[in-house]
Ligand SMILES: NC(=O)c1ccc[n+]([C@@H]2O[C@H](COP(=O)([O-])OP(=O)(O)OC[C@H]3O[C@@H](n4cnc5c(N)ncnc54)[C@H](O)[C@@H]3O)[C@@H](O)[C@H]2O)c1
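Given as C-alpha cells, the chain that follows is alone and in the form predicted alone.
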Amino acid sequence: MTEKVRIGFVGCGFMGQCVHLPSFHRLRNAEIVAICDLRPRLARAVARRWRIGKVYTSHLDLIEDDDVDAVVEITNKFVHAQIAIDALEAGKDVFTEKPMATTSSDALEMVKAAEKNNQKLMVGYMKRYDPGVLKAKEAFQSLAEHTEVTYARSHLFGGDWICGAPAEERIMTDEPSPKIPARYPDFLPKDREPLMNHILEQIHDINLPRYFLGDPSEVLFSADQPGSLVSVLSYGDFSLVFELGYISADIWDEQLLIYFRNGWVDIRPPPPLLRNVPAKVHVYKANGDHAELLPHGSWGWSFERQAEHFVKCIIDDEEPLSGGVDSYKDIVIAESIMKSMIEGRPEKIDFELGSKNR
C-alpha cells in the first residue's frame, strides 16, 4: 500500500456531501479518485464541486476500478451490507456509515467477507473519535482501578442535530431518490419496524456504552410507549438503562452516565454536525480524596478524526477502533431488545445467533 489511499466514494446525499466528502477531502494521505451515485446528474455535479475525476452510476463499476484502494460507502442503510460485501470481495477496504446493516445476519456476512478477503471493515461510530469521549475514557479507566461500576444510563432524546444550515453548501437534484426496499429481521412484526428503524438510526447509544463497559449479557426488560423506549441491559453486577425518545428543540439531549461506587463519569456528546466541539465531560471522585473534574478534549471534529483513523488503519495495517466484528454486536443487541419487547420476557444476548435470523 502506498502512503496515499485512493478512495472511491459511494453516495452523494446529505451526509455524503455535508460530512464525509469534506472530511476525507482534507486528508493529506488520501485522495478521492472516483464517486458513484444512482442519480447521474447529481454524481457529475458533486464530482465537479470536489474535483473528482471519475464518475460512476453503479458501485459494481466503481469497485472494479484498479485506481480505487478503498471504498467509503454513505448510502441508505438497507444497502450497506450488499455494497460493502461486493467491495470487500473485490479486494477493497471499506468504511460504511452506521448502522453497518439492518439485520445481524447481514452484518455477520460483512464480517466474514472482510476476514475472508483480508480487508479492513470500519463503521462510522464517530463518537469513539470525539476528543472529549477519549478524555472520558481516561477518567473511566482511572476510576475503574479503584472502584467498581454500579449503574449506567445511556440516554438520547435528540433535538437539533444539524445546528442550523449545513456547513457545506449542498448540491440538490430533481432526480428521484432511488426506491430501496426495507430489510428487517424475519422475526420482526410489521408494526414494530418503525421502532426498529429508530433504534438502528440511533445505534450510537448502544455502541458508546460498549466502548466503556464491554458487552452486556442479557436484555432484562424492554418496553415502549408512544415517543419513547426503555430497555434494561444486564452486565452481571450492574445494569445499563437505555432510553430512546424524541424531542423538538434547538438543543441536543444525549448523555452517557456511568456510576461507580465512589464516583461517576458524565458524558454529554455535542450535536453530530457541530464541528470542532468535543463532548462535555464531568467526573466526580469520592471516598476520601473528593474532587470534581472537567476534562476538556482538544478542539476537533469527530467525523474528520474517524476519516483519519480509517486511512491510517489501511496504511499501517491496523484494526479499526470501530471495526466490523465489534460493530456487528450492536445489531445483535438491537435485535435482542426488540425480541425482549415482543415476547415480554428477558432475552439472552447471543452474538453467535445472527446467522440464524435469515
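All residue numbers are counted from 1 along the displayed sequence. Please read all numbers here as calculations on a predicted model, not as lab measurements.
Not pictured, yet referred to below: the form predicted in complex with this ligand.
Trainee: With the partner removed from view, which of 144-152, 229-237, 118-126, 255-263 is the stretch that lies within 4.5 Å of this ligand in the predicted bound form, judged by heavy atom distances?
Mentor: Heavy-atom contact with the partner occurs in 118-126.
Trainee: So in the predicted bound form, are Cys12, Ile83 and Pro272 all sitting within 4.5 Å of this ligand, heavy atoms only?
Mentor: All of them do, each having a heavy atom within 4.5 Å of the partner.
Trainee: Taking any heavy atom pair closer than or equal to 4.5 Å as contact, tell me whether Glu201 reaches this ligand in the predicted bound form.
Mentor: Output for Glu201 is yes: heavy atoms within 4.5 Å of this ligand.
Trainee: Decide whether Ala34 counts as a contact residue for this ligand in the predicted bound form under a heavy atom distance cut-off of 4.5 Å.
Mentor: Contact with this ligand, no.
Trainee: Can you tell me if Pro178 lies within 4.5 angstroms of this ligand in the predicted bound form, counting non-hydrogen atoms only?
Mentor: Answer yes; at least one heavy atom of Pro178 falls within 4.5 Å of this ligand in the predicted bound form.
Trainee: Using heavy atoms and a 4.5 Å limit, would one call Lys54 a contact residue for this ligand in the predicted bound form?
Mentor: Outside the cut-off, so no.
Trainee: By the heavy atom within 4.5 Å rule, which residue out of Cys313, Val68, Leu38, Ala47 makes contact with this ligand in the predicted bound form?
Mentor: Selected option: Leu38.
Trainee: Go through Lys135, Lys98, Arg210, Lys285 and name the one with a heavy atom inside 4.5 Å of this ligand in the predicted bound form.
Mentor: Only one option qualifies, and that one is Lys98.
Trainee: Suppose contact means any heavy atom within 4.5 Å; which members of 296-335 contact this ligand in the predicted bound form?
Mentor: Heavy-atom contacts to this ligand in the predicted bound form: only Phe303.
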